[in-house]
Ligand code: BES
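Quick setup: one chain, the form predicted on its own, written in structure tokens, and binding and motion questions come after.
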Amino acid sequence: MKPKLSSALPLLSLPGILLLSLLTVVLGGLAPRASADEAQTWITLGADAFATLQEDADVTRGRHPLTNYGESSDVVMTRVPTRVLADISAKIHTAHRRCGGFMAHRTLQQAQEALDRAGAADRGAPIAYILDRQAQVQQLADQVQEAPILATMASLSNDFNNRYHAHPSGTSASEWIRNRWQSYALGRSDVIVELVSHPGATSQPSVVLTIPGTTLPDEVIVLGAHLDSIAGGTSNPDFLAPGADDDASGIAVLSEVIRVTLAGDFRPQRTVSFMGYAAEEVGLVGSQAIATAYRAAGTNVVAVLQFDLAAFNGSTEDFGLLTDRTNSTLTTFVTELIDTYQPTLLWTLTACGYGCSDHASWHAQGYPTAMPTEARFGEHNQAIHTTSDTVATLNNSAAHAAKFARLGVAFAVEIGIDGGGEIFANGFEEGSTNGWSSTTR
């Protein structure tokens, strides 16, 4: 069942507490002493990104060289001043063309757990992903429109100074998204829309809309995107950061999937949650908090789909499917959704490195994830994290993003429904129609 998102981590056993205390003493003794008023944050990041930061004393503001407190596979654990997280994000983006590139942790315990799981093998899927709802998918996906997607991208990138997590505009953006999603849910008393706060981590709340499952409510599907933005290589929250592609496009895709499915009176058997994550750009803060709470509550999340960068068509292929920190079985199913429902479109496999988006938070908790993105890594929009990440740079078009919205509809319907049974109150007719008509591509 859906957990209380503010829940804390599960209690440790006495041996666990003693072990953690010993680890804290040992690592604390090794760590450079910070001034009394200098907050510190544990982070895990790719070994390549760690090496980059080791070479740049300006970014870490006196914490140079950084200390490697542990390493697993290609991931390193270290500790940095909290106030430089945005600068680290900018440095990693400049050097590796990678969004974020690290995970920020509230405690040493959480950082150590993330490090321990960094090299974990791909787990099998908790359920069978079966493609068997073509009539329902087709009827809903045909309702996807470019205009509302573009309108959401324009509103988020134009109507707020930026969506930086520590800026009042970032909180206002969360509230705007909440209100927009609530407007789509009018008349559906079963649908819950809420702001999820992250005390002590960020003032920006995440936004969650949940459609409870009718017969399998304890099996949960998550579709997510991040709502914050960043630009300029600075932690100055007043700096312009429109973030039209990164990641207003992902929020716009989620919003269109919500609009279409609720307008079609979609009542899934499994619970389907749509999540706009806070503070992704400074360490996947919102998604980590939510995924950790779900794991602590024992929530059975059976599939997670992440949308991050959806509006720039930079490759020959229409979709780049990430292979790192994702589940191979679920990723294969996503390619089957593309081949079935958008057969003229192309996909390829690519990788983005450690902590590049919020799917990594769910993967770290052992949940199956998949992430389609706008292009091959390296061929994505080079205007992200700059003041030029605007809808104008995207030619004022949401044509590419609409492909992701259709994919999102297919994902929610095909996994949200288990086998047979009527799940639309308005009773869609069964049929064998496959693919898209030429007028909707």
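Predicted model, so just to flag it, every value in this text is computed and none were measured. Numbering starts at 1 and runs along the sequence shown.
There is another form of the same protein, the form predicted together with this ligand; it is not shown, and what comes next is about it.
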- Query: Check D308, Y354 and M371: does every one of them have a heavy atom within 4.5 Å of this ligand in the model of the complex?
  - Reply: yes
- Query: Pick from V59, V391, L66, I384: which has a non-hydrogen atom within 4.5 Å of this ligand in the model of the complex?
  - Reply: I384
- Would you check, heavy atoms only and a 4.5 Å threshold, whether F50 touches this ligand in the model of the complex? no
- Query: Counting only non-hydrogen atoms and a 4.5 angstroms cut-off, does H380 reach this ligand in the model of the complex?
  - Reply: yes
- Message: Does any part of L284 reach within 4.5 Å of this ligand in the model of the complex? Heavy atoms only, please.
- Response: yes
- Is the gap between R163 and this ligand in the model of the complex 4.5 Å or less for some heavy atom pair? no
- Message: Given the stretches 274-282, 154-162, 311-319, 83-91, which is the single one in contact with this ligand in the model of the complex, using a heavy atom cutoff of 4.5 Å?
- Response: 274-282
- Judged by heavy atom distances of 4.5 Å or less, which residues of 185-219 approach this ligand in the model of the complex? none
